[in-house]
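Here we start with a single chain on its own, the form predicted on its own, put down as structure tokens.
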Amino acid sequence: MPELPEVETARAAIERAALNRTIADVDDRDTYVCRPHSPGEIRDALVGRRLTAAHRRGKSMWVTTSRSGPALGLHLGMAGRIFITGPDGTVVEGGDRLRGASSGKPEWNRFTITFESGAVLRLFDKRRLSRARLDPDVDALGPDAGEVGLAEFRERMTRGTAPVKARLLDQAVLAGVGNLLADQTLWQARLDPRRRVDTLDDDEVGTLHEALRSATRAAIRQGGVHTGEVIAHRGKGGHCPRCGAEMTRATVGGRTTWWCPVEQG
């Protein structure tokens, strides 16, 4: 599932290749992906406008439009990817890590913007769990996990008695952390994912904050959360890449969780 780093690659692709082009047409006929809008509603709101800036908070992404138009929210769901094909056929893409996606079935293009220049932006999603909607509400989200400062991070993370992994996954606390990024972060911080947040001391919270920033930035730079050092070892027979201990598995915060019992015990 796309997490903050994958969504950032999609946002960057839009920023790089789709801004300041006049919209000539919009295919918004997929009533499930474009809910609650009826077919033609998003098209009518966007045709003739330009996309002016691409934004992201956590896993949520939206694009502002010219002439005080509505924002266009694009959510990648479980497996969405953005493709932008230029007038010369060059492709800029970002989002979920897929192979051969650009040659998939045409019906997997769930939402499409065609620009006057001939460029095309496609929201590609084989699983049909992505969303396109006008003026998305992001107010319920916490601050972006990759940008939150230490003081606010400490205040938000140490409330209550939840396991630290569950708190990392709570999008109202921090926006953007998914299952893999949480495991990578906790492994870097050498913290047990089951540890209650009210037992973390100031040094441990500071270490966790730094690990989250480091893991997030590395994943963005390297192309996704799957590139994290511990991720390939999250499975039966996996071993900690630092000490070699066999990884432990349990369910924490409703999600399958892997950690090193020696270094995160």
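Throughout, we count residues from 1 along the sequence that is shown. Every value quoted in this text rests on a predicted model; they were computed, and no experiment measured them.
This next part talks about the form predicted together with the DNA, which is not shown.
The DNA is not shown here, but in the predicted complex it comes within 4.5 Å of a heavy atom of residue 167. Within 4.5 Å of some heavy atom of the DNA in the predicted complex lies at least one heavy atom of residue 255. When contacts are judged by a 4.5 Å heavy atom cut-off, residue 149 does not count as touching the DNA in the predicted complex. Residue contact check for residue 112: none of its heavy atoms lie within 4.5 Å of the DNA in the predicted complex. Here the marked residues 17, 21 and 81 all miss the DNA in the predicted complex; none has a heavy atom within 4.5 angstroms. Interface residue among 213, 233, 226, 43, judged by heavy atoms within 4.5 Å of the DNA in the predicted complex: 226. Note that among 114 to 122, 184 to 192, 86 to 94, 69 to 77, the stretch whose heavy atoms approach the DNA to within 4.5 Å in the predicted complex is 69 to 77. Although the DNA is not shown here, in the predicted complex the stretch 123 to 140 places heavy atoms of 126, 127, 128, 129, 131 within 4.5 Å of it, in sequence order.
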